[in-house]
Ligand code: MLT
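Below you will find one chain, with nothing else, as structure tokens; this is the form predicted on its own, and questions on how it binds or moves follow later.
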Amino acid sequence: MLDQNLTDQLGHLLGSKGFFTDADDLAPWETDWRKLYHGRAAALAAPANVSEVQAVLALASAQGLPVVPQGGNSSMVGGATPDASGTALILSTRRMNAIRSLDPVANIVVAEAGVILAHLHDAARSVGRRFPLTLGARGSATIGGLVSTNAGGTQVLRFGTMRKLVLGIEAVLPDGGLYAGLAALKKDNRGYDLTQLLIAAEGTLGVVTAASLTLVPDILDRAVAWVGVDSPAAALGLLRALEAASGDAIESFELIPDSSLRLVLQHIPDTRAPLASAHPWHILIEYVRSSPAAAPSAEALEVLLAAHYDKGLYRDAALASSEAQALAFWKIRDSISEAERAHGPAMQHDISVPVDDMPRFIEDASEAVEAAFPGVWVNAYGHLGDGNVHFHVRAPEGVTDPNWRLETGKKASQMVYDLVTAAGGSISAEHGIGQMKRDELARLSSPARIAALRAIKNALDPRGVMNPGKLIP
């Protein structure tokens, strides 16, 4: 329970639309998207503007009240879920959902933290531009959350993560101070780059309230192909060949094992296999055209694939004949997590390794984990062009006991992270650390890295009110 005086102050500040203490109102926001983490909050604050965020954080800091920032509540690592103490204040940015400016000439959009990614896509498209980052949760993920976790997605191959797309940030620091860093400056040598420091901070250093983001010209058309290959190594060979022939027209290159395809076909309605023949591995390719001088995407991709078929880089391919079919191909990729969740327990690992090592890592690590834990099977898929592997260790068929995660699953995860670290990779590629990976970050990181993270946290948040229990070991 909050102190009555603080409750009265927050209620007066935010009004009935912005402050909630009823258990039924809080319940949907106390559990993470995966239903793995369940907490309790004392209240939920939903400020409508930056000034209200400043006032909330100033009050919270003065009283040492824990604050858990939350956007679309779509964290994959429990990064926006309060602990079980019932003492935290959830600070939701969902009411701060304005697009403050949209400049198609300068190719810059300023969006508030609560803007949903899909809405930003629509706004940019209305002026002939696009925001080149997309992911399966685009209908719920918010800009503030995407910035705070340095989200990636399926277009990182060409455009990079959020860190490359953010030009500036507005954020409220733990004491209520405002960092006004929205200006999209090409040069700025005023010391530490606070904008970059706040990206991927997961709400532990403050609350991102708005961001200046890069736009690019909208595409004229796209071509989407589903390709069957023999191995991850063959897929990487095809990627390198297509990149050499087409420059940056290859925007997405998703590696999908046949096991993932089968799970989707089993659990997701209205899905069908794109190819008539079976293949151990599949690739989802998206080729785009932005210049009228270039050949239409479908024609160009068909020529490219035909040129490489005789070289043995792939076995079969289907080029989407319509936008509806292209969406059907992408539905398979976007539905893998949902299908896995419906099938049974699994340990999900969002990891990265050097791109050229990804095929070897997938095959060797899968074999090692399956040998060490008889009965489990690995479902490894991801963004081949940037080395990001979603390495999921699934429980043996028929196992439904949730304790499997706490026993065998936890040991399997430690092995996966050991293998990633030995390969010079990262235990978090695009989902963040949250509370799920905090202990592993401490176990596997160098003392210098941990000391630096803690020093930064203590300097900016000396009272430790911002998103406690997340990221920082």
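None of the values given here were measured: they were computed from a predicted structure. One rule holds for the numbers: they count along the sequence shown, beginning at 1.
Below: the form predicted together with ligand MLT, not depicted.
Y381 belongs to the set of residues with a heavy atom inside 4.5 Å of ligand MLT in the predicted bound form. Ligand MLT is not drawn, but in the predicted bound form it has a heavy atom within 4.5 Å of H390. When contacts are judged by a 4.5 Å heavy atom cut-off, M76 counts as touching ligand MLT in the predicted bound form.
For the chain shown alone, R333 is a contact residue for ligand MLT in the predicted bound form, at least one non-hydrogen atom being within 4.5 angstroms. The partner is not drawn, yet in the predicted bound form one stretch among 427-435, 22-30, 444-452, 39-47 has residues with heavy atoms inside 4.5 Å of ligand MLT: 427-435.
The listed set S260, S337, S92, T161 contains one residue whose heavy atoms approach ligand MLT in the predicted bound form to within 4.5 Å, identified as S337.
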